[in-house]
Structure formats: structure tokens, C-alpha cells
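There is one chain below, alone, in C-alpha cells, taken in the form predicted alone.
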Amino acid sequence: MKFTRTSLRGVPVAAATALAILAAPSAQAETEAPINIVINQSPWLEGFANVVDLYEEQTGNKVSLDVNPYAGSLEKQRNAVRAAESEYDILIVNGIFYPEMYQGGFLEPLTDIDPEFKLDPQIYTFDDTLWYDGKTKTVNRETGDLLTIPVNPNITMMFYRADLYEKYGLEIPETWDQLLANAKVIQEKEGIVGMMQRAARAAISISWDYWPYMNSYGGSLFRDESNGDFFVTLNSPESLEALKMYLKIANEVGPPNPAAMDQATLIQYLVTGQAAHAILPVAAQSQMDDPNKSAVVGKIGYMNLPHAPGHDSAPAIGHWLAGVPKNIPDENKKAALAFLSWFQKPETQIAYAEMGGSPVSAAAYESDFADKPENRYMITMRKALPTARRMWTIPEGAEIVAVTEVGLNRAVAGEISAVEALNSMAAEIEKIMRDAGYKTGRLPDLTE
């Protein structure tokens, strides 16, 4: 369907410096060709639609949003890039299927549209997933072309009961062991679940939940993915330590039947006051202070994810990226880039936040708006975004995640050991990679 964008009425424009600046019509605004953007239906859609309204108001350029469910948006994009001419001028692709668009050669490098175009230095690069090297078929900032601009920063962070931390004098944990200790204190004293994990099996659920553990222990899926080395390292000693910690948390401070916990259930445990911690995508923060949904309004805090000693925190990336298809007229490419250039500006990003959007620039997270109590999640995002890590950068990710969802879920359910899970997943992923034509291999099997 065609989306009718939300009116900007009700937004406190007069009180917002960035909005006031941007809302002023530009005397030098250049009229561009109308553009059509295909986008998914999501909690952040309204904020994005509001910023599109602002773009039209300021420039006089026209933008249409074609809004679809997640799967429907993907299908439309796949069809569009393979047609003689795409009906869409900007594709909003997410952190799971962008490798398909990159490796298929469907997106126009942004500097091919305008050699003078540059990424704003305050835009987060999301583990350098904006660049792609078509020769080596790798996501690589040093050798690749800039193909996309981020439009949504959906990474994971730790939601926790800040009021109970204050009540029991607990400190924000740096390591997973410290988190486990805090979770035990609250569980014992309050009788609520110490830590919720998204361990259910789905299209992508437990894999996204486990990845921050694995990366923050020094583990990895492949040996050196950025440089084209797809030797499978999922069954490394580091990954084993991470999975053992994941299982220890599930068994010692998790809910009954932890292997059945999905994202919706995690949110329900939090907003009903039944859990002390949960790892969730940042987009879930909008429900925590909603009095119509939450019994813990003002009580939820946000922290960066813990890590193993000697390693960095590694939130998982589930972001959304905007790219320009190759198979559109040059004037449409130019118009699409004009919107993306405007979108990435610091003042636009601050306005995006003020209008309920999800900014992708440090300018917004370091603004006065971020310091308001109701926007306290943004303070954590300042620390979390630079350390966020991608999951994979190849089209075979859909096959890989089908393997990891089963293996990890079975481990949490107690059907197989951590060692069995990692060895079996590594073997299956090696086969996927070999069958797809990659030069690969895997580490020797772990032993119990």
C-alpha cells in the first residue's frame, strides 16, 4: 500500500532548535525528481515518515513511501532490482539481507552518483557494513565502495531494573560474571527472574542473542571474514567459553523453560516487573515507559552489554540501510542521493530524534535531547554504537542462521552439550560454505 505520512502537527517545533532550522524553507533548494522508497512496517516507521515530511517541507521535493510487512518488503526489493527498471529509488534493507543486495551488484556506489559525496563523519558505520568490495566480495571499508547510508540503528543493549540496582547498591557490571552475580542478588531478594535471554528458535532469535556473548569472548563465525577468509571458527575455545556462560545464566538465573523464551515474552517479563535484566533491541525501549503497557515506568535503565575480561562489549547489529538501485534513471539516482545527503546531516539527525525517530549520528546522541530522562537509553547508545558488531556479511547468512537457531536452542534445552552444539554447527556451516563455492574449512572438533 502507499503510505500516508503522519502530520507533523503536535511536534514541538518551536522548542526544538534543529527542527526550527530545518523547517525554514531553503531559498537555494534545488528541485529534484520525485522518489519512491520501499520500507518495512516497523515501530520506527512513524519517525522516519516525519523526517520525510520535513524534507518535503524544506526542499519542495516529493517522496513516496511504499510500506510493507518485513517479508513483503524484501520480496518487492528482490523483484525491483531484477527488473528492467526498478520502481523504487531507495531500498531500505536490513542487517540480515543486505549482503544479498551487495553481492548481487544491485546497488549503485554513492560516489558514482556524485564523486564529491562523503559520509558525514558523525554517522555511525555499524562495523563498516556500509562499504563493499565487489572484487573480493567482502564488506571492507578500506577497499570497498560506499553503497549505503544507515537509517535505523537497531542494536542490542541490556535493559535492567535501575530501581533495584539502587535499592541493593549494585554497580553496573563490566563482565558477564558480574552480571550473573547481580542477577542472583535481585532474584534471591525480589523473587523475580534474574536474567531473561531470547533463546527460542525462530527465523533469527537465539543466534542474535548469543552473538554478543561469542564476540565479547573473542569468538567468531569465520577466521577473517572482512578479508575473505571463511574458515569456520565457530567451534573455538573462545566460543565454547561464551556458550558455557550463556547456559550458566540460563540455568542459574533464567526463567523456567528458558529455551522457549522469545522477544515478545522477554518484553512482557520486563514491563510486568517479573525480570531484572534482558538483552533486547533498542527499539523495545519505547514500551518501557508507556503507562498503557508498563508497570515499571521510569524504573528501567539501559547499560552496554557485558564482556569477558580483556575483551570489548559487542552488541549485535540488526540495523537498516538505505541504498540506491542501479537500474533507475540517472536523475532518480541524483534525487535519491539528495535525500540521503540531507538525511545524514547532524541537524537532520537531531530533528529525527526529536520527532520520534531512531537517529544514526553521534550528533543526536550527544545533543541536549539525549540528556532528557525520558531519552536515557540514548546515553547508553553513545557507548554501545561504536562497539556494535555485525553477524555475517554473506548471502548464505539465511542458511547459516537456520543451523545456529537449532544448535543453540537445543543446547539451552539441554538436549545436547555446548561442545556438541558448536561442533555440529561448525560442520554444517562448513558444508554450506563449501557447497556455495567458498574456500573454507573448520577447526578440529572440541572435546568434552
Partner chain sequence: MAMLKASRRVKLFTVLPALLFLVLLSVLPLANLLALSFAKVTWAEGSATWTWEGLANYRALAEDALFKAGIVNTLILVVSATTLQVGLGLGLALICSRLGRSAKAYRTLFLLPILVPGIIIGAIWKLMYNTQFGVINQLLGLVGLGPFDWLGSSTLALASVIAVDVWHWTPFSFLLLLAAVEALPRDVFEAAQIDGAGSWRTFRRIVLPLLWPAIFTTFVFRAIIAFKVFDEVYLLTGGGPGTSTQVISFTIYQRFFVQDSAGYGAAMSIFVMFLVALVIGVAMTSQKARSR
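Quick caveat: nothing in here was measured; it's all calculated off a predicted structure. Positions refer to the first chain, counted from 1.
Omitted here: the form predicted together with its partner chain. The next part is about that form.
At the 4.5 Å threshold, heavy atoms of Glu399 reach its partner chain in the predicted bound form.
In the predicted bound form, its partner chain sits within 4.5 Å of a heavy atom belonging to Tyr269. In the predicted bound form, Lys293 stays away from its partner chain, with no heavy atom inside 4.5 Å. Mapping the unseen interface onto this chain, Asn50 falls outside it, with no heavy atom inside 4.5 Å of its partner chain in the predicted bound form. The candidate site formed by Gly104, Asn257 and Ala260 is fully in contact with its partner chain in the predicted bound form, as each residue has a non-hydrogen atom within 4.5 angstroms of it. Between its partner chain and the residues Ile96, Ala370, Leu74, Leu119, the one pair within 4.5 Å by heavy atoms in the predicted bound form involves Leu74.
Residue-level contacts in the predicted bound form: of Lys345, His311, Lys334, Arg78, one residue has a heavy atom within 4.5 Å of its partner chain, and it is Arg78. Stretch 391-399 is the answer when you ask which of 377-385, 39-47, 53-61, 391-399 has residues with heavy atoms within 4.5 Å of its partner chain in the predicted bound form. Residues Lys431, Asp435, Ala436 are the members of 422-448 with a non-hydrogen atom no more than 4.5 angstroms from its partner chain in the predicted bound form.
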